[in-house]
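A lone chain, given as structure tokens: the form predicted alone.
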Amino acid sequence: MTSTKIAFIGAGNMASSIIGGLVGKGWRPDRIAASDPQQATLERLRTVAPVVTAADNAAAIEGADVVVLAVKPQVMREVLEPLAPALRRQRPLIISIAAGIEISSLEHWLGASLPIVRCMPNTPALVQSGATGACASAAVTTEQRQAADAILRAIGIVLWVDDEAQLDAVTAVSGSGPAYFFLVMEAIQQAGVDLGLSPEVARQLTLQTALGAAQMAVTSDVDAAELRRRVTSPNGTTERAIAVFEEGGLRQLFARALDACAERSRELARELADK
């Protein structure tokens, strides 16, 4: 599988991260091509891995077994339509990492029912710690799904959903999720400063605590609720803080926030489908 020819349309941060992860896992750089209109972007990519680069999208996809669409959603249609005849002829597996672009829109712009995997990675993929939700079209074979899984695992874990509509929930939970945790870190750090800690001490304590808590949750054989209970001694300091969060409706606030995020994801899909 590591000799599969992969072409990336768009060579920005996410594409660069996937390529770096692939090469790190033994994929041959000479079997990876990437195109981008910005020469500076291609030059940065070549510092990550010595892959084949081109300014021309058509040249990049020639002979590709897999084509990864890594361009901004707003320009996806104008990028895809000139490539449609070649893609219909080659019938590669197409992996789209563009937020909000539904499989039906891709099929409409391509003019054919090609094998398409639509996925939603998140920004920790930039440090190979991502969480990606993915959904395959009916035309994707078992072997192609395995290939997509292997490619996306270069940047973290991959979770598959059978219903494409569930990708809106994936967006709400993991796609936008890093920002929620950054906001919590920001708030805790500021609270630490308000309690008298220096900004640097508050920052380091906050970040290491977040890292340690996440590591415990990932490696534990119990869920987050049980881990929380184990830290929360009766009549202790943690119980007092948790009570304030509960009284403030933290759970309900998160539910409202994620619902709003999922709804905006659905709105964007409708807007982009109309373009």
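Throughout, we count residues from 1 along the sequence that is shown. Note that the coordinates shown come from a computational prediction; the quantities given were computed from them, not determined experimentally.
The discussion below concerns the form predicted together with a small molecule, not included here.
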**Report entry** in the predicted complex, the one of A60, A70, L45, V67 near the small molecule [non-hydrogen atom within 4.5 angstroms]
**Finding:** A70
Report task. Name the residue from A169, A99, L110, A202 that puts a heavy atom within 4.5 Å of the small molecule in the predicted complex. Result -> A99
Query raised in the report: Is there a heavy atom of M120 lying 4.5 Å or less from a heavy atom of the small molecule in the predicted complex?
Result: yes
Query raised in the report: Does at least one non-hydrogen atom of P50 fall within 4.5 angstroms of the small molecule in the predicted complex?
Result: no
Query raised in the report: Hey, in the predicted complex, does A262 get a heavy atom within 4.5 angstroms of the small molecule?
Result: no
Query raised in the report: Can any non-hydrogen atom of G249 be found within 4.5 angstroms of the small molecule in the predicted complex?
Result: no
Query raised in the report: Looking at 160 to 168, 141 to 149, 189 to 197, 70 to 78, which lies within 4.5 angstroms of the small molecule in the predicted complex, counting heavy atoms?
Result: 70 to 78
